[in-house]
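Only one chain comes next, encoded as structure tokens, the form predicted alone.
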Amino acid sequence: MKKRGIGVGCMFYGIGNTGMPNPAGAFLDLTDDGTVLVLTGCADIGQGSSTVLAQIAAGELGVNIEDVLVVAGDTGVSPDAGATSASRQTYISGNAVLLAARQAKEVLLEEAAGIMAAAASDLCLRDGHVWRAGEKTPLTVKEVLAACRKKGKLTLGSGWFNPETTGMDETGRGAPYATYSYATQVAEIEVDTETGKVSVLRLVAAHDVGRAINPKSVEGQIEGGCLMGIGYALLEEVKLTEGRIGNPRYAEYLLPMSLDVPEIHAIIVEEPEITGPFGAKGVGEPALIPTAAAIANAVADALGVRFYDLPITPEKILAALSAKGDGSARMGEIT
């Protein structure tokens, strides 16, 4: 017999380190040909941070992303950006890049104002051109760069950002994070009561990310986090015997594979964060955190038995169903 269940998991997650200094820096240079060179210590480990940082620089300077070159994670030339952890790089390194771009932009706007006999405050950069009072002018960013070079002006910028936090005292009071991400996920599962196998049929994951700098990348982060959460809920288990790991190989330590991927519906909720770059926050760990809770709640909904010990393996389910059948187990005692 197969039984279906639906479960919900919710979470909020602090972005960055907990009540500790959490800075990142960035350097930026507009070269003679219009290339924007961004130097950052932020290590892209697959989450797409280099793309996001390029988008932030391009958006602030009004140029195409194709004109931005990001040199990331090179300790020989880049300033410190802290660890790629705690879902912090878009928020913290993104702010550092934004501030560096603004500093370089001030030089460009000052020069453009002199060329156009206008106030710099009336000008902005967009689509590779200087705009005045909301209207595009013929003056290009490259022409402004050339004018700067004739005068010996370098268009450099540097920036650093450290979110404002307050460390927690001995009573646990404080403000350990400058901002938080929020999420709700819903899981629909099916349990085969003859084998104990749990199949995740659908996951709906709604995440408040502040503002999605790169929506496709955010969707990918959510989908990847959901799949990791499935592994946490149903498959992954380190087996220890007298301090020794009994399943050190992937043949015994089970991970989700392509056939384990359910329908995943990622919902991006944009509630701009005033302290974030263009309103952005982080979306690394948040995609993982509620998944196991949603699946565990769905299993409880399907079977009427709640599990407090992960992963929820077929062996545990069969033992729980057997115990439930003879009335010898109470809710919460199944491990």
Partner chain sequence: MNRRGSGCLKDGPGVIGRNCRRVDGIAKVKGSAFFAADRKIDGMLLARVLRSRVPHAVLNKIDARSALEVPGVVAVYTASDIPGENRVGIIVKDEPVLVDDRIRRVGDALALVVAESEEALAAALPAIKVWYEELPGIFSPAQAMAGGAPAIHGQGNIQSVTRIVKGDADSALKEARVVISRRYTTQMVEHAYLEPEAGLAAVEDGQVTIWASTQNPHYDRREVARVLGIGQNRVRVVQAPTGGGFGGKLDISVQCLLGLAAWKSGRPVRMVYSREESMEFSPKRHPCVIDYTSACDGDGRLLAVKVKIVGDTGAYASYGPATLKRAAVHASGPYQVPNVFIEAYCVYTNNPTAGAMRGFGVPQVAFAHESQMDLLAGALGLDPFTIRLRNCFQPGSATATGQRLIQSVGIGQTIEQARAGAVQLGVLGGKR
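What you see is a predicted model; the values in this text were computed from it and never measured. Residue numbers count along the first chain shown, from 1.
Although it is not shown, the form predicted together with the partner chain is what the next lines describe.
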The unique member of Ala212, Ala113, Leu145, Val107 whose heavy atoms fall within 4.5 Å of the partner chain in the predicted complex:
Ala212
Residue contact check: Thr155 to the partner chain in the predicted complex, 4.5 Å heavy atom:
no
In the predicted complex, does Leu303 come within 4.5 Å of the partner chain, counting heavy atoms only?
no
Can you tell me whether Leu288 touches the partner chain? I mean in the predicted complex, with a 4.5 angstroms heavy atom cut-off.
yes
Taking the shortest heavy atom distance, is Ala118 within 4.5 Å of the partner chain in the predicted complex?
no
Using the arrangement in the predicted complex, list in sequence order the residues of 243-267 with any heavy atom within 4.5 angstroms of the partner chain.
Gly243, Arg244, Ile245, Asn247, Pro248, Arg249, Tyr250, Tyr253, Leu255, His265, Ile267
